[in-house]
Each structure stands twice: as structure tokens, then as C-alpha cells.
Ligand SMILES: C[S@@+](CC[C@H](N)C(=O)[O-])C[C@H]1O[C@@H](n2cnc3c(N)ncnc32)[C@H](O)[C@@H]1O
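Just the one chain here, laid out as C-alpha cells, in the form predicted on its own.
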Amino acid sequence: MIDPKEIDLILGFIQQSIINTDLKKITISGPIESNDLKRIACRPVVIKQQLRYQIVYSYQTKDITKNYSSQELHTVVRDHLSHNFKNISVIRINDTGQYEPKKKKFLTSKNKKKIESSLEHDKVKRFIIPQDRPFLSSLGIVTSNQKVSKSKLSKYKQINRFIEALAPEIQAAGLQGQYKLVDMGSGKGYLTFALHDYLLHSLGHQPRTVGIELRPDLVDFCNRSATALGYKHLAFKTTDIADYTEKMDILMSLHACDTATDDSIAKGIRSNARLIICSPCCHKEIRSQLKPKDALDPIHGILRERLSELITDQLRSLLMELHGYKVKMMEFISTEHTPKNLLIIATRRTKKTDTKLIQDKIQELKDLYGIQKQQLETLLSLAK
């Protein structure tokens, strides 16, 4: 139990912190007796424009959070130091007060580094793409008061997840300086703008970005937005994927329907692109061909659809490996936002590929499920 005089000193230290608004954190620990309450932590927060003190009571199996006024905080600290705990630390922006049980003294010391204080009630997730990036407002993701629109929150999360997934892959591919990025099936350009902006402003690269889209109204909208934002090397074109013949260093194709994903991947491989990024959508080509052997035959309804997705994307992965790429697959974003959530990232290898082994795997997979043809394989065979 702490001496009442030392408790008064501690409470005075806390009171001065409240007056100076420089309190960072209070931690009360070291239970005097064995009980369920193990620790108490407090920090200042602003709730509904009022300064409060949020206390987390840490029990053996649960945490309980309560918010108090400064006067209530005073009472809580006094009661627990008088009866339940033998230690307390009070961290302020510039200094820290700590009760030393052996010395039975409350001692203060200067912090080696200034500790910044946050009064936010909830911990805010730090996104790789900040809300103040101008393109977010231009695309209607962020409102005029610099807040993410509720209707666009899932899109904002998708953008950040996409960039988080790609950032290390871009470094691994050795991309820097000037290079060509092509987004095939760019739609309204959410991810095209996001990646271009990240490469340009966060990494300091100089990407030449082109969005390919069949719908003229979306192309016009994206071009107007790119011009208004001052992106000199971001442009959108109305053309079919099959008709685009320019070389590229990064190929991106997100949610291109059915074999349009294969058309895009083939373009990337032919360009010897250093990075191929795709998120497949629809798998109609393989679905109608499925004739599996033994216990898998017949396959009904949703199972046929899911199996066709797995087989198609496995074949795509093997074909990219066959042509010199290292392939990685991951969940793009939670299925609560989109059921089409597979992200395939292929990075061009420098080492030689064991083509015979991969060719055997491809043929074995096709034989197992009765697959006669697959668009990406056909396109790559024709290109030889």
C-alpha cells in the first residue's frame, strides 16, 4: 500500500497534467493481493467534443472500458492506490512520474524524446493511401469535408489493400524510374489512379500509365479527371484488349470477364512485362468442359462453378510459370466487399524454368478434368 503523502504527490502530478493538457497515459499495476483485476490503464480522449479519461480495467479473462471526468479520475486513482495496487506510472509529453515501491517514493524524470499525445477516441487505422490524396476526391471516394463517403468505404479499403499487396512486389521486380503501366479493363479507374499516384508521389517513380476501357463515357471521365489532377503521364483509351499492341512493364487486369483475363495475361507475357497483376472474374470457358473422373463425376451447380474457378486459375498460374514468371496468389479483399477476391501477382524470373516439369503438370491437370482447351494456352501457343 502506498503512503498517503505519496498518493497526494501523485494526484498533484496528475492534476498538473490535466491543467497543462499534457497527459499521455497512466498505468496502475502490481496488485497488493491476488485478485481478478490485474492492471488499470488510462488515457485522455475526446468524446462528443468533451475531454474525458478512458480507463481500461484489465481482468484475468476480460477488459472493461469506462470513461470518466477529471474529478472522477482523481477518485479512481486514489481508491486503487490506497487499497489495491502498489505501483503507478504517469507519462506526460515531456516527463514521466513513477512510483518506486522499494524506495517508497514517487520520482520524476525527463523523457529522452517528446511523446506526442492523441485525443482520438478510437484508434484510427493508418492507410497507405491517405484520405487527403486529391484523386480520391475527384473520383468521389472522399467528400468535400475530406471524409471517406460511407458508400465508398469498401472501395477505399479495396484501394489500400491493393496498394499494400503490390508495394513489396514492385520493389522485388526492381521497377524504378520510368516504365510503362497498362491497366486492361480499367473501368472508372479507381485502382489505375491509385497505383499511378502511389508510384509517382510515394515511391518517386515516373510511370507512363495507360487505362484500356471499351466504354467511351468512362474513358472520357477518367481523362478529364487525370487532366484536372495534373497527371501528365496518365491517359485512358477506348479500345479492345485484343487490339492493344504496345509494350508494357506492368500489366494490370482486374475483374476482366472470363477469357478477357487470359487475353490480358497473354499481352503481358508477350511484352515480357516484369509484373503481371490480375484479379479474375467469371470462368465460363472451363465450366462447360468439365468431365472429371471417378467420384467427382458428376459435379452439380455451385460446385461446378467453384471447381472451374480453381482449375482455370491453376492453369493460368502454371502457364505463367512456364513462361518464366514466379506466381503468387492472395486474397484481394474480404468477401464481404466482393466475392471476386483472388489477386494473382506474377513477377518475371531471372532464373531458368524447368519447362518439362511444368508442361507435365499442365497436361496432367487437363487430363484429370477432361479439359480440351484453355484460352491463355491457346494464345501463347499461337504466339510461338
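One rule holds for the numbers: they count along the sequence shown, beginning at 1. Model, not experiment: these values are computed from the prediction.
Another form exists, predicted together with the named molecule; not displayed. Remarks below refer to it.
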Considering non-hydrogen atoms and a 4.5 Å limit, does the named molecule approach residue 255 in the model of the complex?
yes
Residue-level question: is residue 186 within 4.5 Å of the named molecule in the model of the complex, judged on heavy atoms?
yes
Residue-level contact is defined here as any heavy atom of the residue lying within 4.5 Å of the named molecule in the model of the complex; does residue 240 satisfy this criterion?
yes
Classify residue 90 as contacting or not contacting the named molecule in the model of the complex by the rule of any non-hydrogen atom within 4.5 angstroms, answering yes or no.
no
Let me know the one among 80, 287, 155, 274 whose heavy atoms come within 4.5 Å of the named molecule in the model of the complex, would you?
155
Would you mind picking the one in 212, 222, 136, 251 that has a heavy atom within 4.5 Å of the named molecule in the model of the complex?
212
Are 191, 218 and 260 jointly within 4.5 Å of the named molecule in the model of the complex, each by at least one heavy atom?
yes
Just one stretch in 101-109, 194-202, 178-186, 165-173 has heavy atoms within 4.5 Å of the named molecule in the model of the complex, so which one is it?
178-186
